[in-house]
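A single chain comes next, written as structure tokens; it is the form predicted alone.
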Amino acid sequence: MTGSVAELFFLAFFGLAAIWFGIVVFRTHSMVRSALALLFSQTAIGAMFLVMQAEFLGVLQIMMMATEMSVMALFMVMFMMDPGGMGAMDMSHQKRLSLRAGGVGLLAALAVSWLPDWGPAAINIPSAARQTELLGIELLGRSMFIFESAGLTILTSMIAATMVAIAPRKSGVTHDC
């Protein structure tokens, strides 16, 4: 197999895996299994980045999703009434509205991808090392304030969520297990 055929094969494979695991997120009866399916779906997207030789974005996607989904699964086990999915649970809500919204979203995405004239494909693609260098210049240049603000906002929301989740303890009362 030539390089381009192999790349196309793996891109299609990981794309289908991402879609499949995205469907599994809503088909399972366990929040933990849903989190793991979402992790696999997002990891498949990271693998697609790797296939497209965007190594930085691929590794970043995989690392970020592994951490995020692990933390999410842990919090679900701690705070959910039935995290293992032993009881009957439906992961979808407002089915008719969500099906309509999904259909409209699908039609909009297809229209945006098929109708405009996107012009020719990129003729001169920089190497993976140059792409990473250009991304670093972008992140450390005009986008620095946006990323720093987003990071601070995420940290603040994590601290606030933890503070809300912790039940206040009354002084002098001990809790024995």
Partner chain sequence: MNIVIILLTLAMGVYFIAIVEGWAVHGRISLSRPALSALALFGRESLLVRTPDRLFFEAGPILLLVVGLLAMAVIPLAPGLIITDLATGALFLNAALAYVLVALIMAGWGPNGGYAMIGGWRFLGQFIAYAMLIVMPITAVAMRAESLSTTVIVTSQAQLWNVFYQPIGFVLFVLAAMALAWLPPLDLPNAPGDLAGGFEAEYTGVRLAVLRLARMVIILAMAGAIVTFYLGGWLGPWLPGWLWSIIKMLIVTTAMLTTGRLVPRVREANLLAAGWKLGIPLALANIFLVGVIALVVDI
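Rigid core here is just the name for the largest C-alpha set that superposes within 1.5 Å across the two forms. Note that this is a predicted model, so its numbers are computed, not measured. Positions refer to the first chain, counted from 1.
Quick note: we don't show the form predicted together with its partner chain, though the next part is all about it.
J.: Using a 4.5 Å heavy atom cut-off, state whether Ala47 contacts its partner chain in the predicted bound form.
T.: Contact check for Ala47: no, nothing within 4.5 Å of its partner chain in the predicted bound form.
J.: At 4.5 Å, heavy atom to heavy atom, what parts of 12-35 sit next to its partner chain in the predicted bound form? List them in sequence order, or say none.
T.: Result: Ser30, Val32, Arg33.
J.: By the 2 angstroms cut-off, has the C-alpha of Met158 moved between the shown form and the other one once the rigid core is superposed?
T.: Comparing forms between the shown form and the other one, the Met158 CA shifts at least 2 Å.
J.: Does Ala109 move appreciably between the shown form and the other one, meaning a CA displacement of 2 Å or more on the superposed rigid core?
T.: Where the cores coincide, Ala109 shows only a C-alpha shift between the shown form and the other one that is less than 2 Å.
J.: Using a superposition on the rigid core, decide whether the Cα position of Phe147 changes by 2 angstroms or more between the shown form and the other one.
T.: Yes; that C-alpha moves by at least 2 Å between the shown form and the other one.
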